[in-house]
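Only one chain comes next, encoded as structure tokens, the form predicted alone.
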């Protein structure tokens, strides 16, 4: 399929006409789009309360937790800021482990909120190791630690299963940004003792943007009551109070929450969580095999660091990445250039949400032809 250039602009009648293989927002399945279009009741009605409860209880199952789960009318960045505002006292230090652009963003949020913010990181393409955590945390006391599970800019998955226990041994509250891995990669919140595990829904949940979610531990709830000047919109205590009656303090994106319930039902009752996680594992493996066959170097320094939800590849052939992305869009598929300082040095393929192996294969075949054309 080759699209006319006019179809690559805003299409009022048809909407987006390309198949998205981006790191988010991702392709939304037709069954979810149909549910998004259904009439809504108000957010102060019994039907909404029932839907809200279904959403939060479903999230508990996806995250393997008994902790409360909250719904936010924002992107995941809003919850990142909420962690800083709610959990860090003015005289405390908050530690941000960074392996890329979004780790840096969390640190910048801490700085912007006037918190004593410390950033420790490794070379982009690397992952945090337990040894590095020990080295850093022996230096000082950090009541709150923030870290990415999956760094969307570099395509690196931090081995959070190894890192969380080490951080918790130091007595810190642990906040994990799982934006591009939650619902695609298994995260056992209670087993790892994660205090806040957050994400937005436009990635592995395969929903339109506008809603973000998190689990929150009792330890984090207790700490919130000790922190002053938490703000209003992202105040955990206000959100938790409303959550007790299956509500939000302000008007939420009701269609997205309906869509979330649809997706949770699908994950839990139809596909099954373990099969879903395995599908994402296979999508990641297949993309890395393709990159190897194309003589493209993965950006992560070690293969064990490679994400199963988003792959970042180096521009090994020194081709025009912008032209490659544009040409692929004209042929019906969407991937993206590198993020921030990695623009034109890398490109990224998102393989998350409801993407199947066959759909990935079809896109990669077209992308292969384009790369061959640009190299010739």
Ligand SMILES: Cc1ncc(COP(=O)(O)O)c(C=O)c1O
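Positions refer to the first chain, counted from 1. Because the structure is predicted, anything quoted here is derived from the model rather than measured.
Missing here is the form predicted in complex with this ligand; even so, the following discussion is about that form.
With the partner removed from view, the residue among 124, 102, 97, 236 that has a non-hydrogen atom within 4.5 Å of this ligand in the predicted complex turns out to be 102. Though this ligand is absent from this view, in the predicted complex it lies within 4.5 Å of a heavy atom of just one residue from 158, 86, 256, 152, which is 152.
Heavy atoms of no residue among 67, 192 and 195 are located within 4.5 Å of this ligand in the predicted complex.
Shown alone, this chain has one stretch from 71 to 79, 247 to 255, 274 to 282, 218 to 226 that lies within 4.5 Å of this ligand in the predicted complex by heavy atoms: 71 to 79. Heavy atoms of residue 263 never reach within 4.5 Å of this ligand in the predicted complex, leaving it off the interface. When this ligand is considered in the predicted complex, residue 287 lies well away from it, no heavy atom lying within 4.5 Å. Residues 177, 179, 180 are the members of 170 to 194 with a non-hydrogen atom no more than 4.5 angstroms from this ligand in the predicted complex.
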